[in-house]
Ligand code: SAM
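In structure tokens, one chain follows: the form predicted on its own.
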């Protein structure tokens, strides 16, 4: 209840996104398709406008909502690449990018995120800003390639770190089928917050997010 009151209060001060973004959010809710929460949206907007990244990578496109929102808040000459493997979601994302005439500004890569991230790192690709919003149990597996892809002083944002609140609970308080994700997300948070190459903060925004900055080489070599 307190969280709901806070969200209602914060709505008074939120900048409204473009009408088509609002429409897409409403459609996603009507069809019970998960999209980023408004608190997460606020953080992304702030980071993109202040850091002004030129190369953005999103892991987990879904229907394209967050990619489109980020595109609206990134510099005019910036590039955004987004990765998705679920065919139904790919079809929806392609439709939405075409529907709103944004195909030319967003590069959609079809494939399993683990393989795509590895391939991109092997190709020597580099990104200033990476938004992780894919299979929660795979975040830790993605991290080695993400670290290669992220430039020094680049930003990594990981969404849904609370996994609908399950991560906050004892292992035995969550259902047996969710225990693996529970363990992996807790391990991911442990690795992120103690990683010598990263400076990380965990925020109770939306379903929980982390913001990590990759340190300069000299900084973590001295650690």
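The structure displayed is predicted, hence computed values, not measured ones. Numbering follows the first chain given and starts at 1.
The same protein also exists as the form predicted together with the named molecule; that form is not shown, yet it is the one meant from here on.
- The candidate stretches are 91 to 99, 144 to 152, 119 to 127, 104 to 112, and the one lying within 4.5 Å of the named molecule in the predicted bound form by heavy atoms is 104 to 112.
- Interface membership of residue 39, defined by any non-hydrogen atom within 4.5 Å of the named molecule in the predicted bound form, is ruled out.
- Among residues of the shown chain, residue 62 is one whose heavy atoms approach the named molecule to within 4.5 Å in the predicted bound form.
- Contact check for residue 81: no non-hydrogen atom falls within 4.5 Å of the named molecule in the predicted bound form.
- In the predicted bound form, the named molecule sits within 4.5 Å of a heavy atom belonging to residue 35.
- Residues of 135 to 149 lying near the named molecule in the predicted bound form, listed in sequence order, are 135, 136, 138, 142, the criterion being any heavy atom within 4.5 Å.
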